[in-house]
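We begin with a single chain expressed as structure tokens, specifically the form predicted alone.
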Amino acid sequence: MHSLTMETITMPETTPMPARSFAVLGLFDTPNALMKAIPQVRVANLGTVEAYTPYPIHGMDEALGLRRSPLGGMVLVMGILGALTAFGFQYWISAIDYPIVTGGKPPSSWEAFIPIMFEVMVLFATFTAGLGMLFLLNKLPFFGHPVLSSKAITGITRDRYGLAIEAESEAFDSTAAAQALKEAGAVEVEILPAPDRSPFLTSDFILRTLGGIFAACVVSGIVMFLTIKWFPLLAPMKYMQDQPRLDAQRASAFFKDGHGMQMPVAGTVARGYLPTATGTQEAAVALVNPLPRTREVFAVGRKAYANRCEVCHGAIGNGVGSLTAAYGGKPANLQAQQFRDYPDGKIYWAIVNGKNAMPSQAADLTETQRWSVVHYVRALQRAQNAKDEDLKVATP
């Protein structure tokens, strides 16, 4: 149904019939007369019945037998697809390809994705509504629709109501259609000739369009170039080298010390690294084991201990290793009360920096392996100094 109104002109009996007709259009004075005529004209089954009114009329879609528009469902599906597409892109970028921790939240925090998901959902839905309506449902563009060029169009857009029987094939009988509309109560009838359906996307049209676009781009580029040359300091057209900036290794009046490069703020720690302690006492307080006590962590610690520590400290950490007396060193007995009282940070510090004859293990163990070794050493100490609560009594 189209919301158009047109003034119907009755064709004289002597008016020659067009060689091929697009439709026969009948005009009615009231919406009730139009609604009453629709079932009568549809029963004649002479062609596709279409109505043109200045405003929507309740019940007209059902009277014309029009199916419910699928546009709403199309928009819903594409809107959901747009939201999922935005979520997928953001999740891939933020959580997989280039994870960044923002505000201490996990990289996969989906709450931060909602604004972009909403915008992309609206984008998909809007394009679907516009393009789907034009190209899929209304079959547009259709230039030169016969109703728009009819004599009755001025009445249709004001206060008249049109009912058209459109041709479905070459065998369309415009005379019978006109008679059916008159019998249904049409006050005026007009036969509309078939429009010229020749394709407008001809090679000549395409070449002319591309040529026009190219000429417009060239002209606009030349105008912009000359404008920048004539008015180089006109904001925002300022050259990059003229803008204020801070050069590295140069003096700067912006900072109090006059240096362009500044030292990091005191206490700054690189992302992903623990604070660096300056001694064993500070390490005992500042360094805290970040790893949980899990089977996986203990397995990593056990392997690293066996590869780097067991040869000197022994399999149970009692200082009796596999080295002979020729070694001359005296490895620490990690089961002694002194080392059981050590904070985790102090043991970690010894692994990183070495202690007495023991060299640093920082080059051979990663940070995760070092902290895993600390956990494993604690397990060895607990195994040799078990408490009553460590014993499990089996129930019968």
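A residue's number is simply how far along the shown sequence it sits, counting from 1. In this text the structure is predicted, and so the values were computed from the model without any measurement.
Omitted here: the form predicted together with a small molecule. The next part is about that form.
Considering the small molecule in the model of the complex, the lone stretch of 352-360, 49-57, 66-74, 35-43 in range is 352-360 [heavy atom distance within 4.5 Å]. Only one of the listed residues (Ala83, Cys309, Ala180, Val147) places a non-hydrogen atom within 4.5 angstroms of the small molecule in the model of the complex, and that residue is Cys309.
Under a 4.5 angstroms non-hydrogen atom cutoff, the small molecule in the model of the complex lacks Pro31 among its neighbouring residues.
Not displayed here, the small molecule is approached by Tyr342 to within 4.5 Å at the level of heavy atoms in the model of the complex. Using a 4.5 angstroms threshold between heavy atoms, Arg160 stays clear of the small molecule in the model of the complex. Though the partner is left out of this view, Leu334 does reach within 4.5 Å of the small molecule in the model of the complex, counting heavy atoms only.
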